[in-house]
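Each of two forms of one protein chain follows alone as structure tokens, named structure 1 and structure 2.
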Structure 1
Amino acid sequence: MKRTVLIAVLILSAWAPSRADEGMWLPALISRRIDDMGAKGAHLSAEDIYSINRASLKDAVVLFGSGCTGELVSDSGLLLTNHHCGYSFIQRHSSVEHDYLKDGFWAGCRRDELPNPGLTVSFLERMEDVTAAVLAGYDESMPEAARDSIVARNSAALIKHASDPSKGVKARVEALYYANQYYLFVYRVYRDVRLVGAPPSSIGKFGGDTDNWMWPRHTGDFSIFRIYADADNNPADYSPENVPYVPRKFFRINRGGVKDGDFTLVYGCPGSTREYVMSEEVRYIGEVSDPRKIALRTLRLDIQKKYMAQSQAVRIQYSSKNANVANAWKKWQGESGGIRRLGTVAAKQEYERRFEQWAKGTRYEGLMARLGALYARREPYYLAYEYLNETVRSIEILRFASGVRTALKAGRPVQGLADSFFKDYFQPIDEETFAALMNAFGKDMPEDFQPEYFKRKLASYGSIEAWRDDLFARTLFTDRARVCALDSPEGLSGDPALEMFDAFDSWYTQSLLPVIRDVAKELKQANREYMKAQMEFEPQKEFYPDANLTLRVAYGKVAGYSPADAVQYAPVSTLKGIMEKDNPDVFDYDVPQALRDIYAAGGCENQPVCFLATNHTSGGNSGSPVLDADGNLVGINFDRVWEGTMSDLVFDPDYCRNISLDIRYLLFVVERIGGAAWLLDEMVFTY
């Protein structure tokens, strides 16, 4: 009875009238949003967006790899996603002789398309509310451990029943609303995905770290892949005999483009948001965690960039690594700044004061105090854990040493692991990074939160630099030949790289993890209660589920914004802006000569490049299709504006904007830069 009432509260509150363009909506329940979407300009029905009975827009959207989104644009499995989503695969095919990162890659025909072992794309076949089945046998009087056991057992049974590995069908049960609700997601996973085309990085990453998260943006952030299947259109491992996948649905492309005020719909897999946490969590993120991590990553980035600027080979080796480090680094800057600007902590504290007044005399009385005490207990331990990740676990040679030992213990050969590591490893970067990060660890971590091993080593060597020099001189993991000669883990125990990794790992396991784990268990239960309580406290408020890399719909409109006094950004950037930034002396702004020549010939200065909209997006939405009012493709989402990156915690309609590649620029680059017009012949256009 209590569960039935809770589910009713969840449904009623989750589908209350929306505020601005905030929200990441479950496609299976989109019928409850369709009137609001129509009022904002959409011409789509709920069945157009999500259906299990006929082809719908969901059938043209995939989870690309394990953290991006992609979309189908032809009846032959042609797939678009972001350049940064395909970046690591483009890099794997690159070398000094064939620098596809720098020069781009364009298959001349299907025979030239390049396989990518390990890359998968996952189509959502259906989603289903399974809350009652997951909680079957549970009573609120039971302890939390019993609940966890019941949820795990029931979820496993649901997953087993829904999965069919022989046909590539996999299932997951995901908790929504802090485990007040559960959904089953069933996917069909394709394993043969080939690289078809990618622009040169001077287009695909134009602006680089300088423009990352910023507007105006002029980045041609796309790459093109193709899905292959067996003769029956089913998932299969790579084989030359496989054929292009035939989708149930693919997107038509609107060559007419977008203009200010147009309706937009983003259909993708946002990764993680925390819209409903209490003020102490937001304070920790904005005032403690983000600033500390920004400082540590600045050290790493400065070292990498110094050496990358000196060598093309090192630039290729570290391009993907550098981009991965920089992405969160800049996002955290915008996030912490947005939290301060909006006064989010104070606003949540005021909300919590009102909540506490309402909660008096109810089962929720004292809940805020309990949550606050848990966060206070966790903070120093969790900060030490984050420092461990950003320092010791960011030193490449230590991670490699641990990976080799793991492979040897499992009886796996290590040559492939070694080949992959040394292909993209430059020891001077790692040595300088070691010194910078471990000095920061010693300076920033309170003595009570420093491992005894660290203190002993520092006392023994006298400096981090001396410790580093000895470690790199003695470890065998800097020598590819010695690593490849290993056939068992015997004799590795004395290696200084493994010794250091193990010492810090033991410190984490023995000193940090027990507290973090215990607090996490209590926080899990307390946050579940708090989520339920918030819905009862404000039953008319909109409560969409936090993102968790499952398929969602977000909708809004094309719109600019004003980030500061007397500054107003237009919502569309053009090729003219690229040429205004063009500078051969600055790596991020050195455009291809072919693009300069096309521009100099005239007639394309107003070619649209990117646009802004008010859709609520997050990490994981990279590569998501941006659709017009009729469900036609007008863009590919790839970023948010820097001032709005706090949208994972709080959405501000004045600042939160998603940045998308205008599909017209993709077509322009494919045809006029890539010379791959044959790909356009596969697509279907509307105007």
Structure 2
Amino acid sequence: MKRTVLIAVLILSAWAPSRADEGMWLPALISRRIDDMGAKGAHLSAEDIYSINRASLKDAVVLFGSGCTGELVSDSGLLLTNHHCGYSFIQRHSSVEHDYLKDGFWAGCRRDELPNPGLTVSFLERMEDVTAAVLAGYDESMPEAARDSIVARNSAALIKHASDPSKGVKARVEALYYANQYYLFVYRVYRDVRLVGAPPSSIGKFGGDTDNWMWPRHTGDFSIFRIYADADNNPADYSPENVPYVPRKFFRINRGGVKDGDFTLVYGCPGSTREYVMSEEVRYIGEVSDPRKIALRTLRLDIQKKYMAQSQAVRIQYSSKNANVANAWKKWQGESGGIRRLGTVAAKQEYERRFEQWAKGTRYEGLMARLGALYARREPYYLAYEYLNETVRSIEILRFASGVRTALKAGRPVQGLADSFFKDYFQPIDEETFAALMNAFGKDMPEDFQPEYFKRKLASYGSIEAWRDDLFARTLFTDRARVCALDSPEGLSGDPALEMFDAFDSWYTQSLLPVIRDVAKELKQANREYMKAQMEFEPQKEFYPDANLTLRVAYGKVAGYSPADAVQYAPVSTLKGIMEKDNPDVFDYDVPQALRDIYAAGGCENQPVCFLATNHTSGGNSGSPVLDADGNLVGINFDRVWEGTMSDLVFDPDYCRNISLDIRYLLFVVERIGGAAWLLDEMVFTY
């Protein structure tokens, strides 16, 4: 009797739909999730999603560049991704006469499309478990170094065998589950990718950093490219002779849109997650690293904000820098807050206690203690390293000094470097930042962790401010003419900015790096064991591998959330909300006149703009296709809500939401703002 109940419970827990919508699944193993997906509303088979024998959804998804995702939407190579993914390419084509970032760009026909040297898109041809081949010749009695070299040698052979440079076929062997498994990924890489269209930044980046990581969102975050191929549809360098690539599969567009509760699937390339790490790593991130880095960046952002408010010129100079600093700053706040709210550290500790009980008498006995000791040993060194990055290496003049010297050593001219540095440099900000950051360094770093150089300087000057004043007075790097006159690195060694940069650099390489590197080696091995052990500890649980920029499927549904007591967010935003935010005096909310006019003419208040869903995504999923239950395109993923950014470590179904552009807003902007209806003619709609 007891046994039957136990078996029934086991079967039920294996078959019940997974709690919530956590997971970034490997496409080749999606058959294991297909029942759960079906239970949540999908009408797709595993073969529809991933097949190597016939065209499947995966054939319409690409890794765009080296950190975003894109999707095919026509039989002539038309590709969609985010505006922020195409940003640097749009920028490179821009000049004062043609400011495509500001005004947008719309090719009038295929001849107008702009080539982008260096930009590639990678199609996944197939993925394959190669664990046995990668570990051939290895047995567990061997030392770690032997394992590393066997893995490297076997991987190189597999890669060589699977690659075909003449056809643009590139292979990679990726470690999954902390190197308990290895997969071969074979890609076809196209390298003639042209810019077709981009909205003005006042649409593509609407809301800027004010709205970044936030809901309600109204950003038209898309750009349009086209893949070109040679006459045989193979990858080729740019040539006017190339023709539009004919994909095996492209997405049809569902103009019916989405509503609360609808099934959604995100198919893309999330970059990096750490869902299975020990409580100690999560505690470090949530309670030490994130709060400290947030505090340091708050100092910088406050100083920037103060000067930006005083001058239009400074605001322009620092808007992009400010955006970069603020992006992670905002994300970390959501991450540490989410970890705190969820009690993730305590929950992991509880799990670890149960794990240790189970591990008694097995080869995993003592593993938690080993891991804990490694994290403890690493922590002060790693924190010091993070401080180095967020203080010394964030002082503009020091970085510039080092960059100029590198260029001179390589025999490169420094004029261009100097131009772009001084164009956006406001020295009072940097001076105040220097004092704020270095004071924080002195206050926060334990005495025995401070470099001798730092202590010496502080002792001889009496204060950070006096040190700073002298450094800025004596360095040549604040003087554009003197920098431009440099033609060799000779004679730079006495410069106080370089001296400081170098002193901290050698502190890093001599005092921090050896320990960090040592521990990393041991952690790699211990985490590999811990991952394996967790899979044995919970044999009924389906583990998805941590993200590593390989193609994944995440599924969920359209849903709002409640960010705070008495606040409820609806999942769909509309054009009405854009007009509510409209403010010509606020850069981030300055709606383009063309859009104001369309709105004023009436009839499109309810035009959908963005929507929220419960898909488990991460950085790298930007530009990913968001598909409906039948695999048709309904949106383009571009962000998460900040209260859910701890999903890189722990997923909370109540707060974790991805943010997507509604595909209908893309169609609206292409046609009515871009006047590029010819692009819609190539797309295929479900009705």
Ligand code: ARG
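So that the term is clear: the rigid core is the largest set of C-alpha atoms that superpose within 1.5 Å between two forms. Along the sequence of structure 1, residues get numbers from 1 upward. Everything quoted here is computed from the prediction, not taken from an experiment.
*Asks:* Which of the two structures shown, 1 or 2, corresponds to the form predicted on its own?
*Replies:* That would be structure 1.
*Asks:* My question is whether residue 424 is one of the residues whose C-alpha shifts by 2 Å or more between the two structures, given a fit on the rigid core.
*Replies:* Shift at residue 424: 2 Å or more after core fit.
*Asks:* Indicate whether residue 443 shows a C-alpha shift of 2 Å or more between the two structures, with the rigid core used for the fit.
*Replies:* Shift at residue 443: 2 Å or more after core fit.
*Asks:* Does residue 593 shift between the two structures by 2 angstroms or more at the C-alpha, the core having been superposed?
*Replies:* After core superposition, the C-alpha of residue 593 moves less than 2 Å between the two structures.
*Asks:* Superpose the two forms on the rigid core and tell me the Cα shift of residue 482 between the two structures in angstrom.
*Replies:* On core superposition, this C-alpha lies 9.8 Å from its counterpart.
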